[in-house]
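Read the single chain below, which is given as structure tokens and is the form predicted on its own.
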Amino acid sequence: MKILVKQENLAHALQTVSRAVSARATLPVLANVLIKTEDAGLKLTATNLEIGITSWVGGKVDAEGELTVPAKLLTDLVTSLSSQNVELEASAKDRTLKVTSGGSRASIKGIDAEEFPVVTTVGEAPTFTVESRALRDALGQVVFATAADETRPILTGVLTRLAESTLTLAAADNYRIAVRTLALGAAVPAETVVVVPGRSYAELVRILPDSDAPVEITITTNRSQILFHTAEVDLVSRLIEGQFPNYEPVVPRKDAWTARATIDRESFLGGTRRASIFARDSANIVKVEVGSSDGQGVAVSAHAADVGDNADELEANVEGTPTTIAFNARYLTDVLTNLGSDEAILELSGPLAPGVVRGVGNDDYVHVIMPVRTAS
């Protein structure tokens, strides 16, 4: 193998695929990146067996070939180079990659490409297509709500449902539910439901371009993997087997609230963050009082007996009966950070009923937070 590529493009591609490199590889080859000439360019692939990422770099190919080399070592080396062009030359005989750029020359020992796991690539017709920016924004509103506890693996994933012309993404742990819907450009032939690991979607958010470019999404016929394809990068992920909980009955109807507040999101987020500083010593509990000042306003407060207390009185448009509820500060902060709207709507139907957070003008997203019982 012998190919000449631009340093900037190679460094970017290596940084992208390296997100799939196993941090604690059980097999030495999983710490490597597969480098292969393909279609008058260079194809880079890395995998940890849960996800695989492939990226392409254009270049001048003088000889075909492939080899795997340590991903971190090659990435660090290429990133440090200042010259515009990098020449890669691999010898299958001695399994060595020679890297030449300007006056810099390096040799990296590798492992045969035959030992690298097979990573699924585009082959089947895509199940559906969606805009990159729209998918990235939608995933950012649900992925954080997946469970971190591996005791219930199904909750570490995101329910992904395709029905008619709608894509529904839902994530839940024992304390919150996030649901986002997206309109598809064309109707799907049949309803399809799979569960994608939250970690895989988190990596997809990081590598998707901030553009209206299409993302082709394919679910393999055996329902074991899902593939996301763009012009520059592929991400393939295993799917989680099992039945995702029926979350829909837990989400209150839009007209079920008895207290409703419309409030500036940044103000609400700031008040919650300040309260959370004191809540660290009180089980991370913050109280939210809707209708706190003459039936108007929202108060966010926290009290820790050995530390002190904090309260923010925030302007809001309040409807219904004044209600006080307690939440875990982190859950409230998470949704307000990722809401995607300038104004937040908080809907309550009692101090012990689930609270609902929506964005003004954003009817395709709903977030449910379970309340915390307090002594007072």
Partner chain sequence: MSPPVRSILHADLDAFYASVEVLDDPSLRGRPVIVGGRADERGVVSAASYEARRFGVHSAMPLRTALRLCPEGVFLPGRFERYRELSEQVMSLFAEFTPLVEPISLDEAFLDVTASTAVFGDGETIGRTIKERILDEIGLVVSVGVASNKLCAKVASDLRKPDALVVVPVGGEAGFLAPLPVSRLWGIGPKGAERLAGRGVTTIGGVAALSPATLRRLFGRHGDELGRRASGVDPSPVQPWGAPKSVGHEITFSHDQTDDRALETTLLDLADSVGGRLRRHHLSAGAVQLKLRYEGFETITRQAGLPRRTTETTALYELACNLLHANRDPSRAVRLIGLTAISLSSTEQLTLFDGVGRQDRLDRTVDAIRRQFGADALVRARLIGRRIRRSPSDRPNLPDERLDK
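Positions refer to the first chain, counted from 1. Just so it is clear, the structure is predicted and the values come from calculations on it, not from any experiment.
This next part talks about the form predicted in complex with its partner chain, which is not shown.
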Original post:
Taking the partner as it appears in the predicted bound form, which of 168-176, 86-94, 226-234, 67-75 has residues with heavy atoms within 4.5 Å of its partner chain?
Top reply: 168-176
Subject >> Of Ile219, Val142, Ile285, Val196, the one that lies within 4.5 Å of its partner chain in the predicted bound form (heavy atoms) >> reply: Ile285
**OP:** State the residue from Ala213, Ala190, Ala256, Val250 whose non-hydrogen atoms include one within 4.5 Å of its partner chain in the predicted bound form.
**Re:** Val250
**OP:** Classify Pro245 as contacting or not contacting its partner chain in the predicted bound form by the rule of any non-hydrogen atom within 4.5 angstroms, answering yes or no.
**Re:** yes
Original post:
Leu4 near its partner chain in the predicted bound form, any heavy atom under 4.5 Å?
Top reply: no
Original post:
Does its partner chain come within 4.5 Å of any heavy atom of Arg206 in the predicted bound form?
Top reply: no
**OP:** Indicate whether its partner chain has at least one heavy atom within 4.5 Å of a heavy atom of Ala113 in the predicted bound form.
**Re:** no
Original post:
Hey, with its partner chain in the predicted bound form, do Leu155, Asn328 and Thr374 all fall inside the 4.5 Å heavy atom range?
Top reply: yes
